[in-house]
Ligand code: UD1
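Take a look at this single chain, the form predicted on its own, given in structure tokens.
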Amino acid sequence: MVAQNNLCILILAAGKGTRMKSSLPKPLHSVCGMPILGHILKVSQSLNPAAIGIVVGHESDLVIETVKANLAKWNISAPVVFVKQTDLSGSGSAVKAALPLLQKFETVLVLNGDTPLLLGKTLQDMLHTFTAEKASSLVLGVTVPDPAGYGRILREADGTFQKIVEDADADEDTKKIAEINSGMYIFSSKELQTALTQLTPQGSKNEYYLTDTLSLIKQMNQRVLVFHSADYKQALGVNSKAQLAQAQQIMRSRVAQELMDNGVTLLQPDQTYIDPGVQIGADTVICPGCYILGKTVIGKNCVLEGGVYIKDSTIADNVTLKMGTYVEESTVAENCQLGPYAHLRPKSVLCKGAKVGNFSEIKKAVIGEGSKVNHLSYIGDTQMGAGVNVGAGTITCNYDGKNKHQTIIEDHVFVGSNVNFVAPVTVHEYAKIGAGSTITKEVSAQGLAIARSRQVVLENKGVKKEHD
């Protein structure tokens, strides 16, 4: 999308969020693996604005630090400018604080910092309507089942905008109106600047309401529009832990619906937890209780049994992940099988057709094509070739108390049960390792290594016999 050089997006994120009952600033609470503010920044970036302003207040340094640290991760390329709101007397004061930034642009889109469900298409349609209708101001309105707590949008007899009345200032008739102010607006910067200078304190708290600027702009004989969206959920704000949980549920439902529309089978969508941005191929079957998070990509025709956890990993086609398998920052090639209760720690790689089974843990290791680590083993810092069979209870002793060392196991090695490889050590191709061995030295190709004490049986040693 071509950059919109006349557009600035302003995100109001200065509130304390007292109803969250948390020391963490409200905009930094996570919804589906990303802070609320991150979601809003990503949807803002979809418009390719000339700049994004963020008004901060409560715990401003922490908010700024978090955003700056994640801009690249969130793919935010627009310049981001932070504005500190020192006068915490309403939304009008928040926008006033940003005037030095807003004066540089023709059009200003104002968003709330607590609406992670907002859709980019809605913002695009709002902007298109604002431009096509040559409006000076536009507000996003939605009709909600329970409007309590929200400002109501009042309309003239012909359906055009009249004014917005805050819930605290509304009479009984006004409170019956279900169309509410989402808190998202588009302004002509020139008219907005003029209206802001005319605001007066309102309500019991003597606050400056940004909503009053729309009435003031109308009094200037400028066009003020209501853009109504049928999807009210995208305008829901997060002001409590209950609303946070609701937002996560709605977002995950969206993700699940899109995946199912593209051919993924979710046996119980409401019990499956998949982050936005996760990619899953057609005909993959996902059982309840699975968590698929971050930048995960899963191929076609895979099976994920119950309780599988995957984060920031790539899973190829035709992979089976049995119950309780945990995979993080790893790569699994096609036709592999993991679990039940297998664990791939970061930087692990399974090559085509490899198997990792019951209670086996792989860490920063390559398991070669067709190799098997099926039972109760730990393989860390290891380069393993193709066709290797690892017996139960095998451990690579990769840490000497100060440094990590590598184990190399070449193609078609057979490892008996209960073997310890004390790294650094190399086992060459087609070698065999006897059960119960502790391997500390290099093993030659096709060699047989046995490193254990000879069994000694002492008959009745130390046992006193009873006599009649």
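Since this is a predicted model, take the numbers as computed values, not measurements. Just count from 1 along the sequence shown to find any residue number.
Keep in mind the form predicted in complex with the ligand is missing from the figure; the text below concerns it.
Visitor: Let me know the one among Gly368, Gly90, Gly380, Gly391 whose heavy atoms come within 4.5 Å of the ligand in the predicted complex, would you?
Guide: Partner contact (heavy atom, 4.5 Å) among the options: Gly90.
Visitor: Report the residue, out of Gly357, Gly151, Gly141, Gly385, that has at least one non-hydrogen atom within 4.5 angstroms of the ligand in the predicted complex.
Guide: Checked against the cut-off, the match is Gly151.
Visitor: Would Glu329 count as a contact of the ligand in the predicted complex, using a 4.5 angstroms cut-off between non-hydrogen atoms?
Guide: Glu329: no, not in contact with the ligand in the predicted complex.
Visitor: Using a 4.5 Å heavy atom cut-off, state whether Arg19 contacts the ligand in the predicted complex.
Guide: Result yes; Arg19 sits at the interface with the ligand in the predicted complex.
Visitor: So in the predicted complex, does any heavy atom of Gly339 sit within 4.5 Å of the ligand?
Guide: No, Gly339 sits far enough from the ligand in the predicted complex that none of its heavy atoms falls within 4.5 Å.
Visitor: Given that the ligand is not shown alongside this chain, does Gln193 nevertheless sit within 4.5 Å of it in the predicted complex, heavy atom to heavy atom?
Guide: Taking the distances in the predicted complex, the answer for Gln193 is no, it never comes within 4.5 Å of the ligand.
Visitor: So which of 120-128, 392-400, 182-190, 253-261 is the stretch with heavy atoms within 4.5 Å of the ligand in the predicted complex?
Guide: One stretch meets the cut-off, namely 182-190.
Visitor: Within 4.5 Å of the ligand in the predicted complex, counting any non-hydrogen atom, which residues from 12-50 show up?
Guide: Going through 12-50 in order - heavy atoms within 4.5 Å of the ligand in the predicted complex - the hits are Leu12, Ala13, Ala14, Gly15, Arg19, Lys26.
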